[in-house]
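A single chain, nothing else alongside it, follows as structure tokens in the form predicted alone.
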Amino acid sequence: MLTVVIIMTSGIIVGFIIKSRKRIIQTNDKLTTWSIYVLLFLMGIGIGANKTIMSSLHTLGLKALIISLGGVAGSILLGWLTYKMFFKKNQNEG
């Protein structure tokens, strides 16, 4: 856990230092997106290789669907609330 905190803190410091370099930030955004794709692919391999998960997939299906939909709905709700609270300009400010 300490490793994760140290890596994240290091990234925040580097991001703060290079925040004015648009090209590096854009490249970082693309690398982040592709890293997530690779991570999802590797997680898929892990799930596909796990015999316990694959053998009980038919019984886990409904529960997994409900949990997934709940996660998506919660993310959308909190994203919308965050946008409303912090990013949407007040219409009275003009």
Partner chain sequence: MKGSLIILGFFSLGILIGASNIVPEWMTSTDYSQYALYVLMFLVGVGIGSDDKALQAIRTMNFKILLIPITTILGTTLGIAIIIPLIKGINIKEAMAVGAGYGYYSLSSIIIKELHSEWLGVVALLSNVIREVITLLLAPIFAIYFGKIAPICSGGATSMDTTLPIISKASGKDYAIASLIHGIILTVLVPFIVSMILTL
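Just so it is clear, the structure is predicted and the values come from calculations on it, not from any experiment. Positions refer to the first chain, counted from 1.
The discussion below concerns the form predicted in complex with the partner chain, not included here.
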Exercise. Do residue 23 and the partner chain share at least one heavy atom pair within 4.5 Å in the predicted bound form?
Worked result: no
Problem set entry | residue 55, heavy atom within 4.5 angstroms of the partner chain in the predicted bound form | no
For this session: Pull the contact list for 54-88: residues with a heavy atom within 4.5 Å of the partner chain in the predicted bound form, in sequence order.
Result: 54, 57, 60, 61, 63, 64, 65, 66, 67, 68, 69, 70, 71, 72, 74, 75, 76, 77, 78, 79, 80, 82, 83, 86, 87
